[in-house]
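Next up: a single chain in structure tokens, the form predicted on its own.
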Amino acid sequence: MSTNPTTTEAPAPAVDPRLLVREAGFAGYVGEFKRKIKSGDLGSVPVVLGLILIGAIFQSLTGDFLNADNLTNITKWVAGPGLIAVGIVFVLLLGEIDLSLGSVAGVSAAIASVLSVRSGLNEWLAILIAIGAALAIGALHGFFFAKIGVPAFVVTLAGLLAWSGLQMYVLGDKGTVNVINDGVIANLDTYFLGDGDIAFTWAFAILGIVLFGAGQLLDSKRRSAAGLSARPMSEIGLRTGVIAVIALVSAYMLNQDRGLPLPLVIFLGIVVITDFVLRRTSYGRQIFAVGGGIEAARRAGINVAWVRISVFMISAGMAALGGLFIASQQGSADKLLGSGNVLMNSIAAAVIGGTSLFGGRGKTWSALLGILVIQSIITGLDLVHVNQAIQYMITGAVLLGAVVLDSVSRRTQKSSGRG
């Protein structure tokens, strides 16, 4: 008596869900967007909507908020705290915090100004020494945190006090040093290759569009060659078109005033570079891995201590650059530089822009989006003559709202199986 052998069918190969979305066309993207919203994966949507709402409210109240000169000033003022926020993004990706960055910004500006003005040192060399001092400070913080085991909160809180004291000591009894007239630091707050030359603004916008489109095409080609899902040409064209509209409208508005601000160029350049480091290098993947789970990262062979120390060095270096831009805009380095709400605004910018306080999720573009929100609120409140006490309370409420949104988003993602 013969029996027929039981036949089993081979399991169907897994299909990348992004392929299904792209095959469905526009309806697929709409459905995917709804799914992400329901699961708490909000991305940059709240920030973009917030910027639109802020612009509409203050324009209706003042009639001047969307004027070219005001928007140009906003793009200049975001550079200092925005660069500090870029450093904070790196630290937050580890699930940690650095409370010393305002003081690091202040002491770095003080060192550069005192060496160049009072000691007569070459200004470029003075700047390099100041940035080097900031990197050493970051390494010290990282050492105590990663090697000794002192919580980052405690280490950087001690640093906040210590480096504020060093800042006052370096500046001396007068407490302030004016930057060199028409020097390197003073010229950080100028316009790219000349005041009022609109050609450079258009060239910068077009270059950005071309580089973005080329990057999208290269990424799609690379993924296709590796047998992975790749964006279709229609999606690449749509993304590039959106960036083109934003870039060209921004260029037009800036050219209605005095052209392309140098602080904006440098800030955008650093955001692009740091974004590449985080998303396209093994070092960046190690940062995300450590932020996602220390023990798992250690078992994967990652040098957790080095990653932590290096991240605190990067954050301190970004703070030094931010301090130099703040000194340039106010024309001096003084004992109050980096104090007040500078640190809080920078932390708020990183969180509002979409970087999680709990580690493992965020982009350096978060710093750009978040600081635009913060600076737009500050500028708008100044235009309607709201006193600083109310400004602090409103900024605090916005920060709390961003943290609550982050917490709710994480909880929703976990409940939907995506956390």
Partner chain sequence: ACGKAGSDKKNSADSGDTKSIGLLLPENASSTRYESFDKPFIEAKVKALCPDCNVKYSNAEGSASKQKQQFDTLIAQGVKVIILDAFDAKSTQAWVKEAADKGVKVIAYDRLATGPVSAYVSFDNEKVGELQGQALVDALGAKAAESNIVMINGDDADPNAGKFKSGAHKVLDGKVKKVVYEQSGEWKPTVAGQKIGAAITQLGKDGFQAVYSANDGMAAAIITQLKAAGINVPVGGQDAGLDAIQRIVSGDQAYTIYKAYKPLADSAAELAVDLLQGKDIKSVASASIDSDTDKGIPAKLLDPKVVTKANIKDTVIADGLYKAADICTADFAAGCAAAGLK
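All of these numbers come straight from a predicted model, not from anything done at the bench. Numbering follows the first chain given and starts at 1.
Heads up, the form predicted together with its partner chain isn't pictured, but that's what we're talking about next.
Looking at residue 248, you'd find every heavy atom of it more than 4.5 angstroms from its partner chain in the model of the complex. Residue contact with its partner chain in the model of the complex: residue 378 places a heavy atom within 4.5 Å of it.
At least one heavy atom of residue 199 is located within 4.5 Å of its partner chain in the model of the complex. Although the partner is absent here, residue 335 sits close enough that one of its heavy atoms falls within 4.5 Å of its partner chain in the model of the complex.
With the partner left out here, its partner chain still marks one of 204-212, 249-257, 235-243, 310-318 in the model of the complex; by a 4.5 Å heavy atom cut-off that stretch is 249-257. For the stretch 48-66, the set of residues having any non-hydrogen atom within 4.5 angstroms of its partner chain in the model of the complex comprises only 64.
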